[in-house]
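Here you get one chain, nothing else, as structure tokens; it is the form predicted alone.
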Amino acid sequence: MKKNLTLLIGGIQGEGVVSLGTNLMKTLSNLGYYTYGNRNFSSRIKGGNTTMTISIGVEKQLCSKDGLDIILALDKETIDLFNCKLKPNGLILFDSILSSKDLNYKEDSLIPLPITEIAKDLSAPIIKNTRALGFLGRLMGLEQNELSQSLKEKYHTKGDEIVEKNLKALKESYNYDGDIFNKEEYFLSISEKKSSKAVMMGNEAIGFGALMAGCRFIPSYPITPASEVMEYMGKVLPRYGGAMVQVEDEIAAITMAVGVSYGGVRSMTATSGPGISLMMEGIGLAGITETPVVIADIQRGGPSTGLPTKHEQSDLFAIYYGGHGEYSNIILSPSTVEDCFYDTIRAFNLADKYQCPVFILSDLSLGLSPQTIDDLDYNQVVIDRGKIVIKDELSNIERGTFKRYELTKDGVSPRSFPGIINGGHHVTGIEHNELGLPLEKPENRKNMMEKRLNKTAPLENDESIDIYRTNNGNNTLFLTFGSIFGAIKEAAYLSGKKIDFGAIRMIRPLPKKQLTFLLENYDKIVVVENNYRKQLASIIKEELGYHSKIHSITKYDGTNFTINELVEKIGEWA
């Protein structure tokens, strides 16, 4: 029996590979296992090879493991591309419509299965993935009723006929008589943690976090790999009195979000690199009008169309320095799916508290990789709308005297919503005075600039870097952001080096107090990131100095770091 198992499912894009993988992950998660699914797909709707690599274990899975125990191939290309990753004694299960004579691999590892054949017998070719699920479940020692329950949950909204066809296909494949199914070599060890767990992607967690934070409006334009945020919100918001609007472009998305937020409704949008470029003017409008708005940036390979379905972390400079003029914004960087949920709630609270744009900086691997998550702690859901004045507070002031942009000690002014008598309802992207009326005088400009740019300074004292200490012998800290954290964590333990590692959760403003302490107390900080120009390391150097102590490990070929790559890099530095 295996405590951990890594499986790759591959086939032609559009034929249900992801659906099969997700069904298997949900079944295993219901039984208490942890899973992580890494998707590899091309930028086309249908056709071409696509794969899903699923790592399974009784402990938390935060990244894809390197070697493969099993390959399930629905097309020949899957075997050609990935047989090199198969471990010794690994298995290649393949659809028997493929001829084994054409498969370039040692014969004793190739196991043909009548996946398509059974489908034809049942006159239901479109449920090929259900049949494959039956074979895989049997091989891993799962009970048929556990797989059946998963299918019932997935298809119950499609009617009894669909459910019955899938259950029949599952039964046929699960009971298929083959020698390989009588071995326990690939059975999973029984999970001691029997509690059922959810499977979620980072994009879904951002959507769920936004819903829990009180967000009720998302205008958005579809773009890989961010579309799932708007799709999730489009499904749930109508049930809570909200709305998702698919707009004509990203310019409309950001300006609509800013406008609705100005009206008092928590709003957000979601996009990726090219969309961020188009949104910059609108984000600047939120900056000078001090309107809260949340933008989720799910990074992919750029520039322009670049690598739209591949992983990269190269938008950091764009949102840290981007746009014209100067204004405060905040950049949060979740590293796990659970972080995506909590950081999204925090993003809305920070946007309201500091009245500025807040970015949630994610990446393709985090956004689109489904994984088993721990139970979310809803006690952490706290809503802070910041300095909002209410009707009674404005009833006794003279009309036209409410200072929407009052110069306060902390730089944050009281905010009223449209429709409240005596509130401040004039808004413009032109420089303005405390009343919000246009004013270009140098002294006013200087005061307003300092107010807008200094108001987020208190965040520099936050503890926004999660540090994991392992009694480091050589005093080196490996620091990263986004989805790389999962691979760093795994590599740290496999390297046997007892290294310290951490993930930065807020990049702007930089947590200068904590970073300075770390730079003073470590001999080296090695920043690990997926871009060419060492963007995070460069920002830290620019803001804090310590050039001789800050080093970089980068990768920019469209793929995330593998565990073995990081183990090797750790060996070079630790």
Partner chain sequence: MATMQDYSNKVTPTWCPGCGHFSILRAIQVAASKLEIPIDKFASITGIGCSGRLSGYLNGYSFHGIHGRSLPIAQGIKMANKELVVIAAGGDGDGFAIGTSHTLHAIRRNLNMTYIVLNNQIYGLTKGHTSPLSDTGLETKSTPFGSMDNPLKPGITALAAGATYLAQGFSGLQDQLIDIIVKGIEHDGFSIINVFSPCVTFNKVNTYQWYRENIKNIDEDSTYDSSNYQAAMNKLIETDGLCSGIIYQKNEPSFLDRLQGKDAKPLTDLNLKISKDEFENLLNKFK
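Residue numbers count along the first chain shown, from 1. These figures come from a predicted structure and were not determined experimentally.
The form predicted in complex with the partner chain is left out here; the points below concern that form.
Discussion item. At 4.5 Å between heavy atoms, is residue 424 in contact with the partner chain in the predicted bound form?
Written reply: Yes.
Practice prompt. Decide whether residue 249 counts as a contact residue for the partner chain in the predicted bound form under a heavy atom distance cut-off of 4.5 Å.
Written response: Taking the distances in the predicted bound form, the answer for residue 249 is yes, it comes within 4.5 Å of the partner chain.
Worksheet item: Should residue 516 be classed as touching the partner chain in the predicted bound form when contacts are defined as heavy atoms within 4.5 Å?
Response: Residue 516 lies outside the contact set for the partner chain.
Worksheet entry | Contact flag, residue 508 vs the partner chain in the predicted bound form, heavy atom cut 4.5 Å | Close contact is absent here: in the predicted bound form, residue 508 is far from the partner chain, nothing within 4.5 Å, heavy atoms only.
Worksheet item: 445 to 453, 136 to 144, 195 to 203, 480 to 488: which one contacts the partner chain in the predicted bound form at 4.5 Å, heavy atom to heavy atom?
Response: Heavy-atom contact with the partner occurs in 195 to 203.
Discussion item. On the criterion of a non-hydrogen atom at 4.5 angstroms or closer, are 308, 335 and 567 all touching the partner chain in the predicted bound form?
Written reply: Verified in the predicted bound form; spot residues all out of contact, no.
Practice prompt. Using heavy atoms only and a 4.5 Å cut-off, determine which of 390, 430, 467, 97 is in contact with the partner chain in the predicted bound form.
Written response: Flagged contact: 430.
Worksheet item: Since exactly one of 165, 498, 171, 216 fits, which has a heavy atom within 4.5 Å of the partner chain in the predicted bound form?
Response: Contact residue from the list: 216.
Worksheet item: Relative to the partner chain in the predicted bound form, which residues of 258 to 279 have a heavy atom no more than 4.5 Å away?
Response: The stretch 258 to 279, when checked against the partner chain in the predicted bound form, contributes 258, 259, 260, 262, 263, 264, 265 at the 4.5 Å heavy-atom cut-off.
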